[in-house]
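First, one chain by itself in structure tokens, the form predicted alone.
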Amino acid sequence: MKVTVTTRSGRELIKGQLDLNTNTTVADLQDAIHQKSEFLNPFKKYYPSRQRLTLPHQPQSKGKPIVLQYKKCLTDYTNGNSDTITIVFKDLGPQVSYRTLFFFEYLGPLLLYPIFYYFPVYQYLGYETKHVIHPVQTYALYYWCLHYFKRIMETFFVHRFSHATSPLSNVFRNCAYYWTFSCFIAYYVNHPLYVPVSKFQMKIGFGLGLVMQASNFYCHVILRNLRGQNGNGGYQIPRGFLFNFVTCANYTTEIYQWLGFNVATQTVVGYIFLVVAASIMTNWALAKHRRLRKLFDGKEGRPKYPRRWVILPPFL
């Protein structure tokens, strides 16, 4: 099979056609592009996870270009009627594994928050008054560290990712988001002028948060079991526990565990973090809910997606 690889501008990425076997898969083509690019330009290696391959976009077509799936054979995209094919290449840029991305974005909060608790940060900022540590500040430290330690452990031992890599730029964006909010929240919760809430409110808040942390972990285990060892398995209807009522129970429990933390600590910046995080997860949940309802429409033997809340009963 003769394969022509072009960029989206129409320029040939690799001069001349690639001569491949008829049973070549998309993954084999990606390896061939990698080897050729490494030979032509050692400083810019298009390794497979950096590549996005599509069929040429037809001018009369209103939809998006068809993305090639790495497990399929190239002949699947020619309908067996041709021994030549043109592929459009897009460089996704430098990539990192999702485990690397999540590790660094969670490591920052785990290390930065205790600095404001254990070290005389406020003396350097001009607060000469004696720093009295309230019980709620100690419990908040334990709660915070437990949360991010849990997230790191889940990253390496629970989560199975449908995509192997993420753009390198996401590391800087996500770290800026998590690390900045961590410093702001830690600054106000551990401040010498901090006024704690009542013991009853503190117990309610941390109690709710711990229950939601445990529930969130169980939701992640359920989602893990929907995927194979290599992260594949396609979309499936999550069932069991809170997933019987809510499409994105993992996001629901994530939101409520931060609500519990803020009820117990009561800071403005903590609630801002909650609103921002809830907004982001709500958008993700709406997209996933629409996708699952579209995939499982009850037609042609497909199961029908059950009636559920999206993320936050009884509002959404």
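Not measured: the values here are computed from a predicted model. Numbering starts at 1 and runs along the sequence shown.
The same protein also has a form predicted together with a small molecule, omitted here; what follows describes it.
Among heavy atoms of residue 162, some come within 4.5 Å of the small molecule in the predicted complex. Among residues of the shown chain, residue 223 is one whose heavy atoms approach the small molecule to within 4.5 Å in the predicted complex. In the predicted complex, none of the heavy atoms of residue 190 sits within 4.5 Å of a heavy atom of the small molecule.
Using a 4.5 angstroms limit between non-hydrogen atoms, residue 256 is distant from the small molecule in the predicted complex. Taking a 4.5 Å heavy atom cutoff to the small molecule in the predicted complex, the contact residue among 49, 37, 266, 250 is 250. This chain lacks the partner; the member of 131, 173, 227, 90 within 4.5 angstroms of the small molecule in the predicted complex by a non-hydrogen atom is 227. Partner contact region in the predicted complex: 271 to 279, out of 50 to 58, 66 to 74, 26 to 34, 271 to 279, criterion any non-hydrogen atom within 4.5 Å of the small molecule.
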